[in-house]
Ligand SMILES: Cc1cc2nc3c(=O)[nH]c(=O)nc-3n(C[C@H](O)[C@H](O)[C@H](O)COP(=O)(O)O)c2cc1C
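This document opens with one chain alone, in structure tokens, the form predicted alone.
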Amino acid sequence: MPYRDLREFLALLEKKGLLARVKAEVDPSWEINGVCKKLIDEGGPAVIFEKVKGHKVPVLANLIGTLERLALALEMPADDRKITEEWIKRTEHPIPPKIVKAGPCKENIVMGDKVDLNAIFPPVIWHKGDGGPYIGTLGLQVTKDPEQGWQNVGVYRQMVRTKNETGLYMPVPQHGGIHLQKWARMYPGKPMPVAVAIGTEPCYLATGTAKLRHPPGEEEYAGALRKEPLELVRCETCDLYVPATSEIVLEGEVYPDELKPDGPFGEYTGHQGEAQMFNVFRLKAITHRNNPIFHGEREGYPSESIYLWLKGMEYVLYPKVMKLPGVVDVHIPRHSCGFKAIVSMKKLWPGHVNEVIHAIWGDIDLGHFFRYVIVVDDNIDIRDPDRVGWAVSNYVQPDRDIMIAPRCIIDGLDPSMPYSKRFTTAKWGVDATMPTEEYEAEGTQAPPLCDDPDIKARVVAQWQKYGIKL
């Protein structure tokens, strides 16, 4: 059975020893930052800070940052390749949500002049250089396509400014940014409704961070992952729908042309981002559960959201690339921050590798993220960075095997360029396959590998004989 809410999932993590509860008082201006950084760097558990100095609401962080916890969240086996295949299988059949009249997220309703972000959110400074406290960045922003009517769920950062105002970084080509762009054209001078769900059951969180083809919206993909409809409830001030079991829901509006300074902020790349001009979210209502839990995270590298985001990208890229002739596997490693894809394949003709690289760069949904693509032979485990590095070291001749494509689009947070030059880049593809065609042109054969798998299998079969503990 799927998890009804975040609390049910937390109970399972605690039962399995994968959740830590910090009962000592912590300072939100620096201490939560430090503890989260250490837990993330060392692969530690999810954590709840139960006593935040000057505040009554506990802070949850590092919820889904490992393969084991991701597998539990999705109720899938803890095998990276199998999770990919099962995600694709389930999301091919979206399940519409169930609309309910009420839910736990409506246990408390605060409207109008009484709304106060400071009453519900501990002022956590997630990085030393941040411009202020941020909601998350695991608040799930809900918007609606003003032309087609389907909802989108995304994760966009929000810096708290006042008791009823935050910044909102919701850029194009993200779907929330596209909705805002359409709204400005269709309803000039009017604000667009935006809702923010915080602390949801894990499948909604996973789809909210993923890259999915729309319509339908993320709530239907979440239903597919849960194998059961997600319950949604209508907001108090607008025609948007949020998970009924959310811990906290913010309801507000955004004027497309209203911009204010925002940041700096520690980005998913692991670098401090510059202060920029972003949209403004004006709060109209807060609804929340009794004794709510604030779910946030220390953005950076590595982090919970970067892990979920990259896995979601991989689940979209995988079925597309796997349809190309000869492709065996595709992977977006966590260390790449989304700028690199690795493919293993069996070459079928001269130039085949370059065609696969161009197909990835040209993908309409994800191509603008990948600054470089590495292709290796089908006998290389692309989830093993040491084996990929071995292939690059042994098989690549720079003048023959590195392809550069100039003036390509790239994500605007790419730190390899100063901000004034971002959004375009040169991309490079690496053919790290054995150059068999060159050996064949000379009438010779490529040198064979000396793996001796038969001898290795015999030794493994009688490993106890050697008395060696691994």
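Numbers follow the displayed sequence, beginning with 1. Since the model is a prediction, treat every value here as computed from it, not as a measurement.
Another form, the form predicted in complex with the ligand, is not on view; read the next lines as being about it.
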| item | value |
| --- | --- |
| Proximity to the ligand in the predicted complex (heavy atom, within 4.5 Å), stretch among 353-361, 283-291, 209-217, 226-234 | 209-217 |
| 4.5 Å heavy atom contact, E247 and the ligand in the predicted complex | no |
| Distance check, P193 to the ligand in the predicted complex, heavy atom within 4.5 Å | no |
| Heavy atom of T137 within 4.5 Å of the ligand in the predicted complex | yes |
| Contact flag, G176 vs the ligand in the predicted complex, heavy atom cut 4.5 Å | yes |
| Proximity to the ligand in the predicted complex, single hit among N164, S336, T91, N152 (heavy atom within 4.5 Å) | N152 |
| Option touching the ligand, based on a heavy atom within 4.5 Å in the predicted complex, out of Y315, Y372, W309, Y395 | W309 |
